[in-house]
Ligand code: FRU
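Take a look at this single chain, the form predicted on its own, given in structure tokens.
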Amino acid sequence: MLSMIRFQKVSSLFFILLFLVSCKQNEKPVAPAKETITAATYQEAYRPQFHFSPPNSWMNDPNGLVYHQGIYHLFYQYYPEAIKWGPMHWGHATSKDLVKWEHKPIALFPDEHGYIFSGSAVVDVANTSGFGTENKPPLVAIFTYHDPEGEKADKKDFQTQGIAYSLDNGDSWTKYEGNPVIENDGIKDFRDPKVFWDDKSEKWVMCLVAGDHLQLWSATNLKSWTKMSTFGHKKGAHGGVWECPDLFKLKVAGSEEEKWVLLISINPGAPNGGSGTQYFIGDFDGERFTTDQKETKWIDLGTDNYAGVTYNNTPDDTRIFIGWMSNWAYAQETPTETWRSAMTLPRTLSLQKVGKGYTLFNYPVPQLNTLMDAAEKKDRMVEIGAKDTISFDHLNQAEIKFETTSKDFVLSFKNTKGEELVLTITSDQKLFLLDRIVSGKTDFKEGFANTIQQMPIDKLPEGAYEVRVLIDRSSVEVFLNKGQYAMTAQLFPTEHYTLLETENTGASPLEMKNLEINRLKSIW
């Protein structure tokens, strides 16, 4: 959740009215009347065509990512009354393939304990909570309560943790009458529980952020929690408040070795400004997470991948990640009119040994390929100092992919208005650069596009590697070497890009092998 909310002012009268309404909606899903979806809903300017975005209104962090009975659930921070942040609910969508999404009624509403901030969801297979039965295990959501009245009164304990359960695979929810299940002993930023079942210790483990560090808690029944340990007081980046933790185990590719991965979002303090998500590779013994990692590592070096977490209970234990595709530096000012914000593409995470260390790769799920109007693969050569231009009508809804050994070239996506997105790779500086300075509409917020985003690529392979670029109306996601490096950014061109210009800035011919430009179908 966001650290900036303490500056928001919400009237007491509004909160009381909201509470009176929401109490009646505790167990019955209700969709706001204005969520009616028409043929024009997903045709607005800048509306993503193959990324998830809400039908209308404000959205931020992904929450409660869980797979159950063939369904991927995506809950998210949602304010149905405006396109700016407000009293938080849990919005809800479902998918069978992580590509096409079905909008569902709001899952969780604010109540007497406060707004419903970020959290997670689990399948309580053994019915440890007692909310269901062994034959009908419940889905259990774990979330942060945020009391706005306590915050306005300058209290320190206005965030607590609550739970709710569903016996119909997420269609309706009942809040636990014993909420909150974790009280607050005076920590101002105490939130974003991510819960998982630990087979080794045979207990539930909860990751909670507490200002500038992580707390780990445990329970046998999801109701009675005990604090076990802390991590991070002097580890990693601390330019802002820690948020949205996630802890999970991955095998190191090509081996039987297993390591634990900890995700921590931070706002501000990211390498290119504002919000970003760092990760740690280490070990977890059932009580403590430890790491000997010295450098700060980021899952995505772009400005617009934040608060990302992973799915629980996925088939084959595949670790799938989704982030909020925005940045608190300008999230509430982006130039959309009826909706605001989208999610990143779902990405498969893998852990690989690079040099003497470990790197967390993230790469779009393979199901995305079902949307491709597959183009013929071609090899293309650009001579030293030359430029090569390709015309394509759908560059704002497309994938560009090729293999190369070069680390000196520029890709420019252009339209007839002189707007362009410029992607540069340079071997001298060992950097990948993303320039959206004249990419389209940028004046909605000072600082949105006044600098070129940088990503160090010093560990990129010496031989061939893949370059993959996905553009969707108002965003670009770049993946180098199958996700060894990733960069995500919003952009708002006033007309579609139709020209792709490739410039060879190296000392040898630029060979682009298996070049393909694919249009992606709309998921709506």
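Counting begins at 1, following the sequence as shown. From a predicted model like this one, the values you see are computed outputs, not experimental measurements.
In what follows, reference is made to the form predicted together with the ligand, a form of this protein that is not presented.
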request  = Kindly indicate whether 124, 204 and 248 are, all three, within 4.5 angstroms of the ligand in the model of the complex, using heavy atoms.
outcome  = no
request  = Go through 279-287, 214-222, 422-430, 80-88 and give me the stretch that gets within 4.5 Å of the ligand in the model of the complex, heavy atoms only.
outcome  = 80-88
4.5 Å heavy atom contact, residue 192 and the ligand in the model of the complex = yes
query = Looking in the model of the complex, any heavy atom of residue 53 within 4.5 Å of the ligand?
reply = no
key: Partner proximity in the model of the complex: residue 474 to the ligand, non-hydrogen atom cutoff 4.5 Å   = no
message = Can you tell me whether residue 403 touches the ligand? I mean in the model of the complex, with a 4.5 angstroms heavy atom cut-off.
response = no
Contact residue in the model of the complex, from 244, 141, 322, 325 (heavy atom within 4.5 Å of the ligand) = 244
In the model of the complex, the one of 413, 109, 173, 306 near the ligand [non-hydrogen atom within 4.5 angstroms] = 306
request  = Output the sequence-ordered list of residues from 101-137 with at least one heavy atom within 4.5 Å of the ligand in the model of the complex.
outcome  = 117, 118
